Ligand SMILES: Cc1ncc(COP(=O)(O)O)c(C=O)c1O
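Encoded as structure tokens, the following chain is the form predicted alone, with no partner shown.
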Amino acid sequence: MDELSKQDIIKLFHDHVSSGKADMFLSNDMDFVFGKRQGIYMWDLDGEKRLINCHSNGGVFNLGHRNPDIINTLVSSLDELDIGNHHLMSKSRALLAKRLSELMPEDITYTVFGVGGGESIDLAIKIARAYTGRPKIISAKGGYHGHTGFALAAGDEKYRKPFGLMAPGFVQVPFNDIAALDKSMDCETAGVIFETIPATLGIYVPDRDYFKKVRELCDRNGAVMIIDEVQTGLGRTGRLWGIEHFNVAPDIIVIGKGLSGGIYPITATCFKEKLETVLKEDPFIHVSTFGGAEAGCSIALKVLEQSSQQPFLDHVNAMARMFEHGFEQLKARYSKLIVSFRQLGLMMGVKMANELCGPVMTKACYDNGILSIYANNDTSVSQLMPPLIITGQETREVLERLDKAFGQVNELLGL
């Protein structure tokens, strides 16, 4: 199969994986097929085009592509481990869960592992309902928690509608609107689930006291506070967990994407000790065959080791300041195009003049060697989430390429 050309691969993908994706990319002259990848860079299969990854698959590649430490950890773990058996006790899962409990906010001491973010969000919602005996789950309009069961039900209608009726009991309120949340909460509310920074809503950074007030409302109404850190966790915002910026401890934190090191899928639902009662009587009431695969636990431990180090977080914040300064200059240059720069660490978004700007900017970035996507629930915003290992020189390169991309968008839209 090595003799297959790039066009052969595109046809195979079209015919056997997704005709819709293939048609969309080809119609936009973006016939990129993922080939070589290393650090912050990724190359087309034929090696003719190189992109700087400023998408990172939502944080999967926080530590870059093919991080040598992560790969060496996997190779070493495979000398003695495989997936393991989720029915049995496990040293690998125990050590990883213990380390998570040490790094989590107060009283979050238990962890159940999964494979994907949606699966782990589903469990968080199941725990909230089982613990409270209530049905109602409140989430944010424009938020995103995944494409499975309860995670899908907590998202926007456009993701749910094609698939028919969803589980009942889900209500959405505007994000960062504490009055709307207060009005919606009642004695039927089992839990409230928000992303710390909703990426799909346009990297929306809430007021500094927002989550403190969410915590107060949950306590007052006896509801479980769930924070989705699938994208914001593991140093993305300049702190290990994004919620640390708000000085609040939720009842449940869901993490994923970056925990994989970009090598082995693993996610985690981390929760307070009191909630473990839900799983105590029947510890097999929730299982995940591949959740917490033992070879993957070794990788996750290495990810935590790197991501929790203060020098690593200091580096993230230093690069964030470089981006902030660069965008001040870009905003002055493209004042009619760029409305604002949204940022918490290296979770960044560019709010632009109208809803056409995001899709056009995605293509302009691609043409200038950057992979960046627009926020699907606010298409006026382009997301920028480079690997956290990005260097100062690479940051300058990104800003230079963005300058050219903004220039093309500005000219094309006549702003």
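Quick caveat, the model's predicted, so the values are computed rather than measured. One rule holds for the numbers: they count along the sequence shown, beginning at 1.
This next part talks about the form predicted together with this ligand, which is not shown.
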Pick from 175 to 183, 141 to 149, 310 to 318, 277 to 285: which stretch has non-hydrogen atoms within 4.5 Å of this ligand in the model of the complex? 141 to 149
Please tell me which of 257, 93, 272, 136 lies within 4.5 Å of this ligand in the model of the complex, judged by heavy atoms. 257
Would you kindly say which of 226, 230, 303, 127 lies with a heavy atom within 4.5 Å of this ligand in the model of the complex? 230
Taking any heavy atom pair closer than or equal to 4.5 Å as contact, tell me whether residue 191 reaches this ligand in the model of the complex. no
Using a 4.5 Å heavy atom cut-off, state whether residue 117 contacts this ligand in the model of the complex. yes
Does residue 195 reach this ligand in the model of the complex, with heavy atoms at most 4.5 Å apart? yes
